[in-house]
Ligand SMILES: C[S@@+](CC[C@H](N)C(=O)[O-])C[C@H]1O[C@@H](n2cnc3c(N)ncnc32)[C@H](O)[C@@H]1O
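Taking the form predicted on its own, here's one chain by itself in structure tokens.
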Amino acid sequence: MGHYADLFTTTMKGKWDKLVYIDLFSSSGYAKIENTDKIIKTSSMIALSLPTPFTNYIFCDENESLISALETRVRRDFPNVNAAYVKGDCNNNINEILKYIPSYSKTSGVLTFCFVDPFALEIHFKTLQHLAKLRVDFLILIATGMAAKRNKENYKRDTNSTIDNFLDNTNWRTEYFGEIDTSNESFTQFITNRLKNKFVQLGYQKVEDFHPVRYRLKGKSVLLYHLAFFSKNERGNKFWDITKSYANEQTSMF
């Protein structure tokens, strides 16, 4: 995220009047690495620490204690930034998030970068669709390994609406398990391919592949998640290609 955001602000500064950063799952800004004493910056603090800052920041998290801690840290370490805080589930508070994005006009251009980093598959496509009506680039963590592979049978149940909301499609069970031959398409491929198509329908550039992030376990490469980037402009995809060159499949891009 940090590499792309750095390219985004450095290159777009002066070309747009407002550069907006949205973090829909912002957390508290710092995290402790499990089983160590090491504290690292997470996405929100990384975005705030860029050499070329955004002009506006919008942070959202459903955990009020975490986002309150972030607000305290931002006021302490970055007292002059223009930051807004939305407490609650981003899917339920999208109208409030939109309210904080500066208005676009012929004399005031606004370009937004939205980072979506849910623990599992909690983001709703309708939430992204609302944002996509504006000039917004998206970087989305899709928990293909951490959630999709492990929970396919749970998602299949009619009482589970996770994929219904993620793809904005209540008919996906029939499509995957029934009427469409998916014998050569894994469940994670089904989800990611449908998401790609949904963004193309919104006017975004076609994406061939998502970036896989893995870790090694007992000598094997295990998939954690995919990073999906979407932009309406070809330049955004070029920036993303540059960003991917900084890392291999087992290296953090943050």
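For every residue, the number given is its place in the sequence shown, counted from 1. The shown structure was predicted, so the numbers you read here are calculated from the model rather than taken from an experiment.
Below, we turn to the form predicted in complex with this ligand, even though it does not appear here.
Check whether Glu71 has any heavy atom within 4.5 Å of a heavy atom of this ligand in the predicted complex, and answer yes or no.
Close contact is absent here: in the predicted complex, Glu71 is far from this ligand, nothing within 4.5 Å, heavy atoms only.
Check whether Ala148 has any heavy atom within 4.5 Å of a heavy atom of this ligand in the predicted complex, and answer yes or no.
Heavy-atom contact with this ligand at 4.5 Å: absent for Ala148.
Check Asp137 for me: does it contact this ligand in the predicted complex (non-hydrogen atoms, 4.5 angstroms)?
Looking in the predicted complex, residue contacts with this ligand do not include Asp137, since no heavy atom lies within 4.5 Å.
How about Gly109 - does it come within 4.5 Å of this ligand in the predicted complex, if we only consider non-hydrogen atoms?
It does not: once this ligand is placed as it appears in the predicted complex, Gly109 has no heavy atom within 4.5 Å of it.
Of the options Asn82, Asn91, Gln129, Asn169, which one has a non-hydrogen atom that comes within 4.5 Å of this ligand in the predicted complex?
Selected residue: Asn91.
Between Leu227, Leu195, Leu66, Leu48, only one gets a heavy atom within 4.5 angstroms of this ligand in the predicted complex; which residue is that?
Looking at the other structure, the residue within range turns out to be Leu66.
Within 4.5 Å of this ligand in the predicted complex, counting heavy atoms only, one of 150-158, 82-90, 169-177, 98-106 shows up; tell me which.
Of the options, only 82-90 has residues within 4.5 Å of the partner.
In the predicted complex, which residues of 36-56 put a heavy atom within 4.5 Å of this ligand?
Thr42, Ser43, in sequence order.
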